[in-house]
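A lone chain, given as structure tokens: the form predicted alone.
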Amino acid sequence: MPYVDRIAEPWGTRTPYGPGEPWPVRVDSFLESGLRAQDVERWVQSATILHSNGDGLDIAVKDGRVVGVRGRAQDRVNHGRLGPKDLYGWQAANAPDRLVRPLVRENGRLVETDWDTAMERVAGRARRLLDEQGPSAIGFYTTGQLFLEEYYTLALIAHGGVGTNHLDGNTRLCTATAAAALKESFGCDGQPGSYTDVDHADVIALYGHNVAETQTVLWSRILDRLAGPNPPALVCVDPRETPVSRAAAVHLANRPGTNVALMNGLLHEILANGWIDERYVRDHVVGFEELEKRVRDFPVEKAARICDVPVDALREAARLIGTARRLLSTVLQGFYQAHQATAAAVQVNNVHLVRGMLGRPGCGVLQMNGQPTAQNTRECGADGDLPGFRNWSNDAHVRDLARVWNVDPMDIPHYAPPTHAMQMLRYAEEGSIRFLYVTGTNPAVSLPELVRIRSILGQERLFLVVQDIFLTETAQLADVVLPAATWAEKTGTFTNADRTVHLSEKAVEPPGEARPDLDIFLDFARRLDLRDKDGAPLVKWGDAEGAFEAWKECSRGRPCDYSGLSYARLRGSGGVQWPCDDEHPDGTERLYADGRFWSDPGHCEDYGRDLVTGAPLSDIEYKALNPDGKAIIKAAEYVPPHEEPDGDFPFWLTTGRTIYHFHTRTKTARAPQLQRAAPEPWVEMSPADAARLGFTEGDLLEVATARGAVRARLRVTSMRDGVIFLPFHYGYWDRPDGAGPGESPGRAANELTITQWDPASKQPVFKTAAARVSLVTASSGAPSQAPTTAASRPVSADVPATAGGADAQAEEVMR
């Protein structure tokens, strides 16, 4: 059998194919050392959880433990392939430091207790605050890694039971702009495109999307197209050199914070050359005239000057995009985590609308997600929106949801937009939120300006509940810590970035007294004695399948319609894309194939916002703009970033992911192969900047902004000049002080980032900050330990290549 070191070769062996052909099957698997496939007692159906791609896999079980994974050959998403985090990341479930008993704070220390004591402390404090201060004293901050059933239950508890408007997910950090951009252009969330568009496209444009590291299996699909006949041309927009830019026909390494200027230049060139589908625009779109007017004064020369990219490269990118017969565009954090996030992402939608490139094979937009179940957070209302993509400012939608939940419409908070995460932290800082229930996320590392975040979470007046599988930096600040089951230890469904729904079945028992998140939420609801308007229990289900059946009814008739699905339908399947209902019993591969959108004023999820101020439009304004429910073109004015380099802080600082870690490393650092591949943070800088400052590979540098400082070793890469990069994964849980830097130098990138957000999506800004760099200690000759396989590839040939060694050999079987 062929074995490949998938740390050294993250995307595995090529299986070339041509346009319109099926992607060949390659089944990847990895088992615990010494085990063979015939030693596995059971294979249990699931999907991947350490990215948003949603690759189908089977969990290998032996002696009641997870002992490996295998890709599912029949799955529509991955055709059997798995990425490095999938192959090795499951080992975190067996880590010896899993939380196994509840913890409560006594005399300043967290001590073990029983579930009844812990839950009474949680419910008791919530009850007292509800009586004394009302529902606005309570906030919930969740994740993009639970199951659909858990999000829906949490949304019902928060919105229908407690009655608070303070509910959000950490998807605010990575996915909020995807949802906002889709709402602005199409009136509703929901990806128009499909991963299968890769099989047909002749041009693929990737905007701020380093797919090679964020969605390795999707990049394998693109690499296989590039290796086959008639490959697509790639256009890459990214200030860093990445595996994507190296494969691209055009790489636009624009100056950070200039995405809207770049998009306006592209759109100017497309319109000036007449590369538009006039009939599509006339029949299906409103707002084209505003776009024409906006970009008329934005020729490519002006855009190139603002973005600091070659004008010929910008013109060539416009030609490729403007003349493509089948155009696929993808967007991620390079656009989403900027100060004009929604405005820039909407311009990508505009390209497809003016070109009529939607709803056909190879013609799609993927406003990508960052986490495995981010889509469900949005669908189910765990990001604060109303479940089923209902419109909080449409009274008929609120009444309909109240009917589904059997509550009074006035019990569902809809007096204002839901409170986004950054505003919730502000309320906690000011003292109006006094109870914060955090599930499956680690804001003490992942939110910007960490000195401030730690001070908020550590307040004595704030009652902090953390529900997680490890004692994270955030959990160490909590009043109560609830041990949760992880993905293989519970049953539920989740939906990936292209709307594919997978069922993940329980494979093993959780360790110790850990419980599924759903069971904990149900316990919380029972202890609060939450009731519907007839006095019956508000939450009417007791298990995951019951929650899924309830969700089906909530989604019925809405764009994300699950009513045609069931656990039995998903069991053994290769994933089904919603909407799946009587009209679409096999699911729906692409949205808007008929040029009809979910944007009718009575049906849409959102009336939209001003892209500069973020002010929501009223129903009257929306009806005047779009009375017939067409797609909406929204032009955008370019606005410079709020914080720019100056004499004191001369560099642009950007942060981002690396291929071997996920979020704050709570899982991936406990997988030996992944941790060895990227054991410590690093800072990337261009050769010219390093030479000018006298730095060399491996020097220990201090990076500082107006918010703080961190130390990391230098990796000299083909980064654009004037920009430095830090990975955001590294916190302190595996350091002596645990919850923060203590007396040691900081290493978390978010010690440096700024408390600002996009006005429309409310997504925090992680891509632009002004920074300075200074030498702490010169290198002794040892290089940085940054990976050599991806964007952090060194310019020096003397740095040893990253490899996984003998215990990273994964099997690949071609079929």
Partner chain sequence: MKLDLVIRELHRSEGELAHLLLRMSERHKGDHETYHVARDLAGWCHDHVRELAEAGKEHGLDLDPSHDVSVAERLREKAAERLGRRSEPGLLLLADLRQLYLAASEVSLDWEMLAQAAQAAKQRDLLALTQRCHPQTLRQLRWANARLKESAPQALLS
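Residue numbers count along the first chain shown, from 1. All of these numbers come straight from a predicted model, not from anything done at the bench.
Although it is not shown, the form predicted together with the partner chain is what the next lines describe.
Looking in the predicted bound form, is the partner chain within 4.5 angstroms of a heavy atom from every one of 5, 334 and 662? Contact check failed for every one of 5, 334 and 662.
If contact means a heavy atom within 4.5 Å, which one of 611-619, 311-319, 146-154, 223-231 is the stretch that engages the partner chain in the predicted bound form? Contact criterion met by 611-619 only.
Quick check on this chain: which one of 123, 704, 639, 398 has a heavy atom within 4.5 Å of the partner chain in the predicted bound form? When the partner chain is considered in the predicted bound form, the option within 4.5 Å is 639.
Would you mind picking the one in 459, 94, 566, 423 that has a heavy atom within 4.5 Å of the partner chain in the predicted bound form? Spelling it out, the residue with a heavy atom inside the cut-off is 423.
Close approach of residue 787 to the partner chain in the predicted bound form, 4.5 Å, heavy atom: Residue 787: no, not in contact with the partner chain in the predicted bound form.
Indicate whether the partner chain has at least one heavy atom within 4.5 Å of a heavy atom of residue 744 in the predicted bound form. Contact with the partner chain, no.
Would residue 779 count as touching the partner chain in the predicted bound form under a 4.5 Å heavy atom rule? Residue 779: no contact with the partner chain in the predicted bound form.
Would you classify residue 757 as touching the partner chain in the predicted bound form, given a 4.5 Å non-hydrogen atom cut-off? Yes, residue 757 lies within 4.5 Å of the partner chain in the predicted bound form.
Considering only 414-438, what residues come within 4.5 Å of the partner chain in the predicted bound form, judged by heavy atoms? The stretch 414-438, when checked against the partner chain in the predicted bound form, contributes 415, 416, 417, 420, 423, 426, 427, 429, 430, 432, 433 at the 4.5 Å heavy-atom cut-off.
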